[in-house]
Ligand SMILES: Nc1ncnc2c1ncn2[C@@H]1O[C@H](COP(=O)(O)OP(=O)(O)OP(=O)(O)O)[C@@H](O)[C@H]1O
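Only one chain is included here, represented as structure tokens and corresponding to the form predicted alone.
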Amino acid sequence: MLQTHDVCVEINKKKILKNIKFDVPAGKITALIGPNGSGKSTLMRAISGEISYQGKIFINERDINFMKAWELAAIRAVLPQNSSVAFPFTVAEVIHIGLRNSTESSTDHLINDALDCVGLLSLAKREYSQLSGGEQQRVQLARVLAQVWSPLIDGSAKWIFLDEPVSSLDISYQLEVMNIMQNYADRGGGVLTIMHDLNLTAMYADNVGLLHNGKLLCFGTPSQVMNDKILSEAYSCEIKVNKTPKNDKIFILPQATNT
């Protein structure tokens, strides 16, 4: 389980996060949603152990403040919102970077398996800088997957933390990435992801945390969190939550305003 207890973050004397508290179970997809500037990425960086914070954060009942970098790297992998590669690495070499922070065996077959998982095996020897933005994003996902390829270690879950993992992808690859996340969770791993697409969130997330102005407005299942009133207030526009007639699946539509 991933737990945050009254997490606060202050940057340049400005409070970015205020008393964030929730429990995230392994074996599930948990999505963080909210408008731009609500604190989602800052919260992800705190949970990843990248920035200082007040409060407590536990991964698998261990306080991350007392874990060494290599211990964190063994149980969680992070896909930031933007990733850059300064040197002319091949795609396979970028994946290998993830293996250097991993307890997995550093073998060619694992690199190939990770690339095959994201549909880029044929580009293994291509220079990373020559890829499109969407292809680079999928390579970075493969790097993350390679780092924590086996979702369980000694009976405890490994975790993937993703900041907007589908932002540069077309719809077919968005679904592919979401299915990869679903498969990882189904096999016992933990998934925490920042999402802007509310419909994909409703389709795939087991739990949703809605942030606004650095506070957690609500946390629960999609049907508990995603309703007209809460979403419209958080995003400062009229949003209509609907359900499909056959299986009551949620889908969200913004309401156009004539001026």
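Don't overthink the numbering: it's just position in the shown sequence, from 1. A quick note: this is a predicted structure, and the numbers were derived from the prediction, not measured.
In what follows, reference is made to the form predicted in complex with the ligand, a form of this protein that is not presented.
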Would you point out which of 199 to 207, 57 to 65, 29 to 37, 225 to 233 contains residues with a non-hydrogen atom within 4.5 Å of the ligand in the model of the complex? 29 to 37
Within 4.5 Å of the ligand in the model of the complex, do Ile171, Asn247 and Lys249 each have at least one heavy atom? no
Contact label in the model of the complex: Ile16 to the ligand, heavy atom within 4.5 Å: yes
Ile11, heavy atom within 4.5 angstroms of the ligand in the model of the complex: yes
Might Ser48 be said to contact the ligand in the model of the complex, defining contact as any heavy atom within 4.5 Å? no
I'd like to know whether Glu164 contacts the ligand in the model of the complex, with contact meaning heavy atoms within 4.5 angstroms. yes
Residue (of Asn112, Gln81, Ser156, Ser129) lying close to the ligand in the model of the complex, criterion heavy atoms within 4.5 Å: Gln81
